[in-house]
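A lone chain, given as structure tokens: the form predicted alone.
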Amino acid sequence: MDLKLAGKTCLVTGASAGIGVGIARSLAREGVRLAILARRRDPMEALADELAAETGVRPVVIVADLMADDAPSTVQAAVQSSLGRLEILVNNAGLSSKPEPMAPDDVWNAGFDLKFTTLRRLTNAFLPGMRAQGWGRIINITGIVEPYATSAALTACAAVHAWAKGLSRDLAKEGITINCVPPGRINSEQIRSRLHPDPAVTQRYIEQNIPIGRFGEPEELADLVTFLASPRAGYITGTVIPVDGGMSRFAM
């Protein structure tokens, strides 16, 4: 199937490891002109070299901390100067968090700033251009929809789902779609180092929680994102589509 993505322009945030790398690879292989963004330069330069060798086109590397006050305008200017326009935005930056139920305000504020406020502000920086061109795709990589415990990050992801649903209705007639993709357990640096460093504990978790019997691979989530980014997905907007091996227990 031709996804009709060749020549489209895209920014992928959180593109130094794991899911972000998988998404960048999938989009690049469909002919998308990429800008990749994260705080760590070296992994992104290695990814850019890899994709240049494979596809003949090197992604633009943008090093930025999206928590900085001027990040949206700085990133927008960098994308504008390098790609000329932006048609696809993949909001993937973020870290998991496990605060206690009575965690102080600074823990909750940091979680919301990272997973909701920075995402919203960056999206708003690119929306005028998408509206002017009458076409756009916004895909938010969020978090599981049924948290096992208190989590600032996952509570912020729920806010993203509500915000994205409303925004999808505001912009649908302008050719812009907005969708959310909550990952389950996807093999990545963050999952292995922060949540599942012990193989025995990991196997018990899989047996208890994931019907398909394994963690997912970044490419399996990336293929969905690539489809949602394409012109062929023009009638899909305002959705939350988990990629979790059946881990979600309740109907959404």
Ligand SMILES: NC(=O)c1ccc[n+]([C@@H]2O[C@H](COP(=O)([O-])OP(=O)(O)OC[C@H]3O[C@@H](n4cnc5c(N)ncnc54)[C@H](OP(=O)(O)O)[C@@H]3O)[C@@H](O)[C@H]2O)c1
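Quantities reported herein were computed from a predicted structural model and do not represent experimental measurements. A residue's number is simply how far along the shown sequence it sits, counting from 1.
Below, we turn to the form predicted together with the named molecule, even though it does not appear here.
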item: Single option in A77, L95, A103, A159 placed near the named molecule in the predicted bound form, where near means a heavy atom within 4.5 Å; value: L95
item: Partner-contacting position among A35, I206, I191, A48 - heavy atom within 4.5 Å of the named molecule in the predicted bound form; value: I191
item: Contact flag, A17 vs the named molecule in the predicted bound form, heavy atom cut 4.5 Å; value: yes
item: Partner proximity in the predicted bound form: P72 to the named molecule, non-hydrogen atom cutoff 4.5 Å; value: no
item: In the predicted bound form, E219 touching the named molecule (heavy atom, 4.5 Å); value: no
item: 4.5 angstroms heavy atom contact with the named molecule in the predicted bound form for I176; value: no
item: Options 206 to 214, 52 to 60, 35 to 43, 223 to 231; stretch whose heavy atom lies within 4.5 Å of the named molecule in the predicted bound form; value: 35 to 43
item: Within 4.5 Å of the named molecule in the predicted bound form: residues from 103 to 129 (heavy atom criterion); value: L114, K115
